[in-house]
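Just the one chain here, the form predicted on its own, laid out as structure tokens.
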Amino acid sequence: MRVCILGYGLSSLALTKALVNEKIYVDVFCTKNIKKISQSRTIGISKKNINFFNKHIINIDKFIWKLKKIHIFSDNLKNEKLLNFQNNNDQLFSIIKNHQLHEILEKSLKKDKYFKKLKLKENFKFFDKYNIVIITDHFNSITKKHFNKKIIKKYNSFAYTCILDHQSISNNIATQIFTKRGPLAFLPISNKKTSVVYSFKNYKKKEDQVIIDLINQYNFKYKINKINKIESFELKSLNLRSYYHNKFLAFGDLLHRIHPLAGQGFNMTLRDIKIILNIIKKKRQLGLPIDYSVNKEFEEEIRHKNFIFSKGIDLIYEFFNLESKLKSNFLSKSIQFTGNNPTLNKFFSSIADKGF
């Protein structure tokens, strides 16, 4: 079996590594539009997905920073906790830098005989030799021709990311604050470093100093030595209407993109990888051909789940957006009351960990 993957981002490399581990030949084609991996962005991975990643992709336990608690606040409740998720005995969530995970995957793949990195040709006839062609790249003619129908929502917001260098503390609690300007997250990556993601509601990009002032305003935990380079990107959600066309399968950010407030974007992709691996394994065990039927089964199994999950994240965003407009703490108080229920708290934690 031989699979072709177009794209060289994290989704592509994680899927590639999972496939070569199953002794499947994978050719990864890079386009001319490869973006430089951000030095300031981090990825949150749930406990369930870390276990899957370690077992079926590559063990990253020594590179991740484990979080035992997530504290959630709202401007409307002052210093009161809105919600509190925790696991005192083990990690609730883990954080790793984007570029670090990319380097780990790339280094491992270069040593694998089932992997090839190639340059994308203009003539696409060579795709005939592949059982499946998986596409994560937005900038090629196949994407534009077959995967241009999507449901897009623009938030009229920009996400600002940076790394804080600060004095050493016991740093295993993530903090999310729903400010009047948008959600602000402090995500520890070591005892001396913390990642910041601020989803700022504004049509135009803000000057760095504005973001720095707001980070300082909401920081009540860290004695900051340095705020490193701030990077930004426009926020929007996306759901592709059709996951595949014959042997071509869309994947990763090309399939779905969600608001970063819950740190679930890459977790959705890992759940997708798990599904496609299971489909391929079952077909091989039964001696069935590996062809575009994999794509059909993949869409039937996961598309509706991804759509519901992404809409759930969007609902959370709109809920707090509505509260900031109402200038009332009634909605926050309701969430606080609900979150104190152990059964509901456990249910929401399970959804964040496993998905649907």
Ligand SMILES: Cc1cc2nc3c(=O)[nH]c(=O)nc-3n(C[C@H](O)[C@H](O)[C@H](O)COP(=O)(O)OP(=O)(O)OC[C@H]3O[C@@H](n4cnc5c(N)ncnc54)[C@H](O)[C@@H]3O)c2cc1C
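Keep in mind that this is a model prediction, so the values were computed, not measured. For every residue, the number given is its place in the sequence shown, counted from 1.
Below, we turn to the form predicted together with the ligand, even though it does not appear here.
Looking at 242-250, 155-163, 169-177, 215-223, which one sits within 4.5 Å of the ligand in the predicted complex if you count heavy atoms only? Checking each option against the 4.5 Å cut-off leaves 155-163.
For Arg181, is any heavy atom within 4.5 Å of the ligand in the predicted complex, or not? Judged by the heavy-atom cut-off of 4.5 Å, Arg181 is well away from the ligand in the predicted complex.
Does at least one non-hydrogen atom of His138 fall within 4.5 angstroms of the ligand in the predicted complex? Yes, contact at 4.5 Å.
Verify the contact flag for His56: yes if a non-hydrogen atom of it lies within 4.5 Å of a non-hydrogen atom of the ligand in the predicted complex, no if not. Flag for His56 set to no.
Hey, in the predicted complex, does Val20 get a heavy atom within 4.5 angstroms of the ligand? Val20: no contact with the ligand in the predicted complex.
Going by heavy atom distances of 4.5 angstroms or less, which of Lys66, Lys47, Arg41, Arg303 would be at the interface with the ligand in the predicted complex? Contact residue from the list: Arg41.
Using a 4.5 Å cut-off on heavy atoms, what residues in 256-271 are near the ligand in the predicted complex? The stretch 256-271, when checked against the ligand in the predicted complex, contributes Pro260, Gly263, Gln264, Gly265, Phe266, Asn267 at the 4.5 Å heavy-atom cut-off.
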